[in-house]
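This document starts with one chain, in the form predicted alone, laid out as structure tokens.
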């Protein structure tokens, strides 16, 4: 499984740091939705789904968390610990976010607006979906 972690260009001086993100320059898709998770309680896991067509970039802009990625054949855990790194998650990839630090803020840039029909929320359904698409 190839994991794409982006290191965004940082601009900084004695005043602090700034990162600007632009669709198709820094982000490989048009950004149609932005949301973020914060105040995630200790021991809580989030995600537990895949998307049929949506793509995402996850950035832990404060604190840290881990992301379990699963393409139906192999699994990989990716730590997000730096506010200038983003994790690209393509469609057809199961994801689970966990081990949030108490101060974690996880920002998600999405290629599409919210659409419940795009979600696969059951892991067995995800495996069936992947197997069907690989057969075609």
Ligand code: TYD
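Positions refer to the first chain, counted from 1. Predicted model only: the values in this text are computed from it and were never measured.
Another form, the form predicted in complex with thymidine-5'-diphosphate, is not on view; read the next lines as being about it.
- A single residue from the set 69, 65, 37, 59 has any heavy atom within 4.5 angstroms of thymidine-5'-diphosphate in the predicted bound form; that residue is 37.
- Proximity to thymidine-5'-diphosphate in the predicted bound form, defined as a heavy atom within 4.5 Å, holds among 49, 32, 76, 91 only for 49.
- Using a 4.5 Å cutoff between non-hydrogen atoms, residue 121 counts as a contact of thymidine-5'-diphosphate in the predicted bound form.
- Contact between residue 24 and thymidine-5'-diphosphate in the predicted bound form is not found at the 4.5 Å heavy atom cutoff.
- In the predicted bound form, thymidine-5'-diphosphate sits within 4.5 Å of a heavy atom belonging to residue 97.
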